[in-house]
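Encoded as structure tokens, the following chain is the form predicted on its own, with no partner shown.
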């Protein structure tokens, strides 16, 4: 072997040795994350926003990480159906070997899928599940979405103070864990605020004609309508209520928190009040940047579901970096220690029960957009 050739071989060997010894500083480590959203089916309006928010976070994290820990995303569509959620959870856990799962979109699905992840020891971060009982599934289950039990009492208290209503009609979906959970939270909060319930009306997912229930509600002359519904049904309820001449305030649960409400219901959505975990007008620097970046990328403003998904990706990445590992148990332990993390949702911590801990807001549809409720 010629001297020049020996020098080349020696140089390459030294470079490789240095690269391996440097570890993540020179060799990017992939942090594999499974993301399960309802990108088709009844909850697609939420899942589309969630995917966009998550993609933006992944893009920014990977650009900033350089040769450090990058996110390798595996997206799956649960089609808004629990059985499909089971299929994709099993694929992500056993086939893709992801370190953590973000999702699914609906609480109904989460109650079926999260026990699978808990049994397998895979951390799950819910970014839109607000029904009760989700984190009680086990110590590997977390969420950055405020529960209806936190948001709804604040919403009712604020709305009552500003509008002074004393008697209401309640309208809710009785065949879905999320809408039923919202109803339970509303009923307790109404009792705590000593607000009289004149009537309770129900509907099922996929219903399109709400006029019989709304006609009954109108005849009782409530001061407001309290409604727990997913956005497809919520849009129909709001539109048909206004068509029937019902002018009283409509106060919705978390399912109303989508631009699809204004898109589908149009002018009828004006004045609708809804509690939320986030509002686009929040002035913390991270949120201002998020809203600007999202708007530039997608040519429209983000909604709460995009914000929570964006934050969710950052939270699990932060946990992996803190753990210095992509081991599932190490990430679970690091998630439990997150406290006062700066996010687009504000200062974020997990409670002892692994639920989100940050301040809720109350919104009103104004000029076709969600604005902070200030009446």
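Here the structure is a predicted model, which is why all the values come from computation and not from measurement. Positions refer to the first chain, counted from 1.
One more form of this protein should be noted, the form predicted in complex with a small molecule, which is absent from this view; the next part is about it.
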Pick from 158 to 166, 295 to 303, 244 to 252, 122 to 130: which stretch has non-hydrogen atoms within 4.5 Å of the small molecule in the model of the complex? 122 to 130
I need to confirm a contact call. Of 230, 237, 150, 88, which residue comes within 4.5 Å of the small molecule in the model of the complex, counting heavy atoms only? 230
Using a 4.5 Å heavy atom cut-off, which residue among 171, 178, 278, 142 comes into contact with the small molecule in the model of the complex? 178
Within a 4.5 Å heavy atom cut-off, is residue 113 in contact with the small molecule in the model of the complex? no
Taking the shortest heavy atom distance, is residue 46 within 4.5 Å of the small molecule in the model of the complex? yes
Just checking whether residue 106 would be counted as a contact of the small molecule in the model of the complex - the rule being heavy atoms within 4.5 angstroms. yes
